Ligand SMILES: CC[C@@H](C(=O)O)C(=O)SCCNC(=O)CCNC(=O)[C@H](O)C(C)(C)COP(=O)(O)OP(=O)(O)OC[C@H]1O[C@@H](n2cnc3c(N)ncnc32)[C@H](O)[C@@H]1OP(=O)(O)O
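Just the one chain here, the form predicted on its own, laid out as structure tokens.
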């Protein structure tokens, strides 16, 4: 009797947690709740205003009819380093993608064949106090966590160098594709820091704690070969023009991503949601969430069309 009561209590608790998680996953036109609040000494709007005081560059978003968007970090004069205003741009573009009901995929890239060199040092020096640095950290943790939680299958297209915060940005995508000659390097140790945008926590989940310790502790330059070896890279692109069918790196990345975004929007988004639940929730809660997501696609138009065409084993 005690065990039965305990099981019922656990199920009620997990069901409640599941509902909360599902609510966070739902696409909405409203701004999502931030990871941090005033209880953490954080005011998102106040931080947004402070960051806007350091202009330069932009984060550009192109939504395509295919359902795959391209997010471009655009500050070539500084190797696509994030200025303060670009951090705000990123958060705003993530909000737009959260509201994109027709979206299935996302390619994150840098302009001018360079991915991103982290933070613009001009902004870093101006907000060097521990208090301001912590607020910037919380702002970017929130933006990149929401980027990873988008109901879109995302891939970082790494050309040139992804350094520091740029390396962290690659870990906020589901996959990473590296171009020939590209490098991902967590250089934080060289400037007396550790990752602060969530990159360390995500890196451990991608490559394991041993490899993460090597990459962070040694500030190791990860080229495409090593990226494949440790599991940081999911593929290596061909050099532009190496083969007639290769196309540009962006075209290659979109072609690579297509295998994961082919199909109806509700189904692709449902796939991403159940994977998110499995990655972030305890098993019982993940199972509850999977059940809820399953209920949104069972008997839905895509399911009925597939059953009618007997396409299960094609």
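The structure displayed is predicted, hence computed values, not measured ones. Positions refer to the first chain, counted from 1.
In what follows, reference is made to the form predicted together with the named molecule, a form of this protein that is not presented.
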- The listed residue (171, 154, 119, 182) that reaches within 4.5 Å of the named molecule in the predicted complex by any heavy atom is 119
- 187, 230, 111, 97: which sits within 4.5 Å of the named molecule in the predicted complex by any heavy atom? 187
- Task: Can you check 231-239, 204-212, 160-168, 99-107 and let me know which stretch has heavy atoms within 4.5 Å of the named molecule in the predicted complex?
- Result: 160-168
- Message: Using a 4.5 angstroms cut-off on non-hydrogen atoms, would residue 115 count as touching the named molecule in the predicted complex?
- Response: no
- Is residue 150 close to the named molecule in the predicted complex, meaning a heavy atom pair under 4.5 Å apart or at it? no
- Message: If we define contact as a non-hydrogen atom of the residue within 4.5 angstroms of the partner, is residue 226 a contact of the named molecule in the predicted complex?
- Response: no
- Query: Any of the heavy atoms of residue 79 lying within 4.5 Å of the named molecule in the predicted complex?
  - Reply: yes
- Task: Taking the named molecule as it sits in the predicted complex, which residues of 180-199 have a non-hydrogen atom within 4.5 Å of it? Please list them.
- Result: 187, 188, 191, 193, 197
